[in-house]
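A lone chain, given as structure tokens: the form predicted on its own.
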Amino acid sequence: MELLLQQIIAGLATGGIYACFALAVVMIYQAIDHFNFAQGEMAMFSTYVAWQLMAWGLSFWLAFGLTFVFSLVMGAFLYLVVLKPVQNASALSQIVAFIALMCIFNSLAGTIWDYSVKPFPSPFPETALFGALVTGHDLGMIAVTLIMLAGVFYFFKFSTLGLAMRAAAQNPESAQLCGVRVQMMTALGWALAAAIGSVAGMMVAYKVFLEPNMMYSIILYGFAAAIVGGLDSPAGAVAGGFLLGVVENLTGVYVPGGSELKLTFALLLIVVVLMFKPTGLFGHRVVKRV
């Protein structure tokens, strides 16, 4: 029983990282109706920026704040420079642009900081808590995820800017007629998604170590969590991330050969959920007039 509880709590901690990425994926999807395949590499690059700031002598939280601001600016800049010129192109053209962006960030990080593995500090104590069931870093990751979810919920539910973003994403034509600057709202969505992704990168780098390819498997889980939870539900994306983290950990312990089947079970979970609820566990059915 103790092992089961330990694996569930550890899974929630890992799921907190997937949830952060899923939250960023959902925000981009709601803004442009596509996945941003460069999301993981953007987070990796921001994490390198944080590492460089700390190497120059800044404290973790000061580097964290500056990296968050840097990611906001980077996200808006990428929308204006990369996506806006091709937003009226075909979906395939946009996907190719995202893949190109992913390769550019990966190569740029390797060129600037090389491809060697670098340790990344944790802002939380790594001491075992509650009878060694969880560590301070695990609890910290869960807390950061829940704080970000609360912030996103408040922003979209109660702030004027958040309501304008929701209107621009759901019905751009009507929102524009009401005076909402749709392009600016989309750029803000990219900025927030990049910032949220950077937080996830800085939280996970302590466990996986920092190197240009660190996000490949993690972003797959982030996409999976967003699909399982629902691409139109930020809270669902977070719930999907936590669920995926728990399923992954339990698979590794209780399924024979489970350590090699973690990703397989994650993808199987997507298939099972979509068979019974195509919009995801917390997604809403979209009805369109034709």
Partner chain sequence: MTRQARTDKSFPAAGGQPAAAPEELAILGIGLPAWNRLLLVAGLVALVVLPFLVEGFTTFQMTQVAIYAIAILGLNLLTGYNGQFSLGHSAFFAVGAYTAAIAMNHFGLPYLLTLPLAAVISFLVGFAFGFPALRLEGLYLALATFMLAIAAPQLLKFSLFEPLTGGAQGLVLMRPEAPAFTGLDDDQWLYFISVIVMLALFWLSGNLIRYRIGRAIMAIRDNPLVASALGINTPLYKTVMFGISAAYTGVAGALSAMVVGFVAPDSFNFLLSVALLVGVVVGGIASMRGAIFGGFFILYIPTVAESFADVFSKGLSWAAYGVLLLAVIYVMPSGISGLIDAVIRRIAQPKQAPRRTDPAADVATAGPGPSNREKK
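Numbering follows the first chain given and starts at 1. Because the structure is predicted, anything quoted here is derived from the model rather than measured. Heads up, when I say rigid core I mean the largest set of C-alphas that superpose within 1.5 Å between the two forms.
The same protein also exists as the form predicted together with the partner chain; that form is not shown, yet it is the one meant from here on.
Enquirer: Can you tell me whether Phe68 touches the partner chain? I mean in the model of the complex, with a 4.5 angstroms heavy atom cut-off.
Expert: Judged by the heavy-atom cut-off of 4.5 Å, Phe68 is well away from the partner chain in the model of the complex.
Enquirer: Please check if Met44 has a heavy atom lying within 4.5 Å of any heavy atom of the partner chain in the model of the complex.
Expert: Contact with the partner chain, no.
Enquirer: Within a 4.5 Å heavy atom cut-off, is Ser107 in contact with the partner chain in the model of the complex?
Expert: Yes, Ser107 is a contact residue.
Enquirer: Using a 4.5 Å heavy atom cut-off, state whether Trp51 contacts the partner chain in the model of the complex.
Expert: Looking in the model of the complex, residue contacts with the partner chain do not include Trp51, since no heavy atom lies within 4.5 Å.
Enquirer: Since the chain is shown here on its own, which stretch among 89-97, 174-182, 189-197, 68-76 would lie within 4.5 Å of the partner chain in the model of the complex, judged by heavy atoms?
Expert: In short, 89-97.
Enquirer: Which of these residues, Ile28, Ala63, Ile227, Val238, gets a heavy atom within 4.5 Å of the partner chain in the model of the complex?
Expert: Checked against the cut-off, the match is Ile227.
Enquirer: So, does Thr47 move by 2 Å or more at the CA between the shown form and the other one, with the core held fixed?
Expert: Comparing the forms between the shown form and the other one, which are aligned on their rigid core, Thr47 does not shift its C-alpha by 2 Å or more.
Enquirer: Quick one: once the rigid core is lined up, does Thr251 have its C-alpha move by 2 Å or more between the shown form and the other one?
Expert: Result for Thr251: yes, a 2 Å-plus shift.
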